[in-house]
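In the form predicted on its own, a lone chain appears below as structure tokens.
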């Protein structure tokens, strides 16, 4: 494991180069470029907020719109990063099977390339919060921590899934189905804690939602942008626990299977 980490660190320039290449190739032929990565989650958040504001938001649109946009922004980053990184080794078989470099670099490319879009989206979410009557506080300083947590979760989960995908091509479809379920198991369109006019989940369900690794990312983003503190501590603690466990699993699996897995590409 130590040799794996040392080798990965020695190839950090390769990660930077490939992430920049992925970022540029993605938006090279799009006239709006990076704006699409911000516009699509923003549009999805606004549509969901308008549709569900009466059902779960108690009609408080000014509170519900930034609430939903924060959730959609965080989950969109995780979803797009996991979808690409979970198949990255197989998708890059042309180079992964011919020349040597730490294959752990491949699942980290897309989450790293998605960081500029996430940062801009968080800025837009903060602007919307200000326009709807909210105000920034000390919690804005937690935005880099939220970004780091989202990036760490996407990398560790994506790296493990990417190696599993080498041995079973069903992982691609399992990830797609899992993300669909995870969207509704993450507090994006509903509240964990209710207040005047706002409907919240039953207390018996909340522990299961908090156990979702994506919940900690979403709630920390909400705290940084809107100041919402509902279950932030327990949710972030659970997510950090998931990241640590996944990190150990990734090191174990890659240290044992990385070179052998290339024969299956």
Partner chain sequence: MTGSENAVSLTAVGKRYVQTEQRDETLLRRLSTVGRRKKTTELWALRDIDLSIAQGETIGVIGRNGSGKTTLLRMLSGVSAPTTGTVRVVGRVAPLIGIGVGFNAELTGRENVFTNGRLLGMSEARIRRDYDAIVDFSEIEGFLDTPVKFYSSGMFLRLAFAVAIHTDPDVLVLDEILAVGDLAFQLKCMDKMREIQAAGTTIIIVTHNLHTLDRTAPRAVLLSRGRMVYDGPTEQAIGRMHEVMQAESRDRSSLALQEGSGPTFVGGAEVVLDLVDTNGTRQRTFATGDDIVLRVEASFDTEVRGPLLGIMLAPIGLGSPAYTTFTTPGAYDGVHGPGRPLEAEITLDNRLLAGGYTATVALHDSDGKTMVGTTPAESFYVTSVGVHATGLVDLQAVISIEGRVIEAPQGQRLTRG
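If you're wondering where the values come from, they're calculated on a predicted model, not measured in any experiment. Positions refer to the first chain, counted from 1.
Beyond what is shown, the protein has a form predicted together with the partner chain; the following relates to that form.
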What stretch, of 75-83, 125-133, 110-118, 170-178, brings heavy atoms to within 4.5 Å of the partner chain in the model of the complex? 170-178
Can you tell me if residue 243 lies within 4.5 angstroms of the partner chain in the model of the complex, counting non-hydrogen atoms only? no
If we define contact as a non-hydrogen atom of the residue within 4.5 angstroms of the partner, is residue 96 a contact of the partner chain in the model of the complex? yes
May I ask you to state whether residue 255 is within 4.5 Å of the partner chain in the model of the complex, using heavy atom distances? no
Examine residue 264 and determine whether its closest non-hydrogen atom to the partner chain in the model of the complex is within 4.5 angstroms. yes
Partner contacts for 1-24, taking the partner chain in the model of the complex and a 4.5 Å heavy atom cut-off: 10, 11, 13, 14, 17, 18, 21, 24
